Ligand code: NAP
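Only one chain is included here, represented as structure tokens and corresponding to the form predicted alone.
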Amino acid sequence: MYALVTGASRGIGKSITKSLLKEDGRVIGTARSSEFPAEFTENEDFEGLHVDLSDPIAVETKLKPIFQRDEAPKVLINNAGIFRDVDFEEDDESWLQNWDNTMQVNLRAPALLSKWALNRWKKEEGGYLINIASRAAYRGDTQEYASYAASKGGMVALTKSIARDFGKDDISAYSIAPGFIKTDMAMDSIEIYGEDYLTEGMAFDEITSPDEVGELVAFLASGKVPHMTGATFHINGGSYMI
């Protein structure tokens, strides 16, 4: 498989990339500014690109050409995202700035990438779109993270809309909705609240490993379950069952 993974340098994206490379896949990975692990850069099947998804011009100039190459990725994993708080009591300008930034990174950029991929795949032999959403898309989040929850809800709706219309083009689209995953992004919450607090209500006494998400993505990208298109896969330790 040949895949594009956004946010590949750490966290869930790093685990996804490791799983795909382990399955003899080829991966183009993106990162905003962090360095890619040596195990990726030393692998001839990996290509790393630094691009800031909050910059629409950078997204178009650096990522659109990927789908204009002689050979383009057949799998797109929209994983990169931001999780930034803003209280409803903040001034309107600051509050809307948070919403605009969150929607640009978490929804607008993935939507554009999906559009470019779909238009290429329609001309060829199909492809697989995998969007990393969140448990928050279904249960919501606390008010200061409403923009995050809304962006992830939009991602799920986008995925379902694509699944409805593009199956006839041999294109399948899936969402994955993780709960708390043991990544750098979650470490701040772990340090503040403790792992016991974050696992309260889960079926397990440990936070989910990002490797589980990586293995799930590799399975979906293998093309073994195309008729599960439109489905959301919930991986949250049993903390929210739907």
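One-based numbering along the sequence shown. Note that the structure is predicted; figures quoted are calculated from it, not measured.
Beyond the structure shown, there is the form predicted in complex with the ligand, which is absent from this document and is the topic of what follows.
Shown alone here, residue 67 lies farther than 4.5 Å from the ligand in the model of the complex, counting heavy atoms only. Heavy atoms of residue 25 never reach within 4.5 Å of the ligand in the model of the complex, leaving it off the interface. Among heavy atoms of residue 212, none comes within 4.5 Å of the ligand in the model of the complex. Under a 4.5 angstroms non-hydrogen atom cutoff, the ligand in the model of the complex has residue 53 among its neighbouring residues.
Across the options 86-94, 118-126, 67-75, 146-154, residues that bring heavy atoms within 4.5 Å of the ligand in the model of the complex belong to 146-154. Of the residues 102, 172, 79, 159, just one reaches the ligand in the model of the complex with a heavy atom at 4.5 Å or closer; this is 79. Of the residues in 125-154, those that come within 4.5 Å of the ligand in the model of the complex through at least one heavy atom are, in sequence order, 132, 133, 134, 148, 152.
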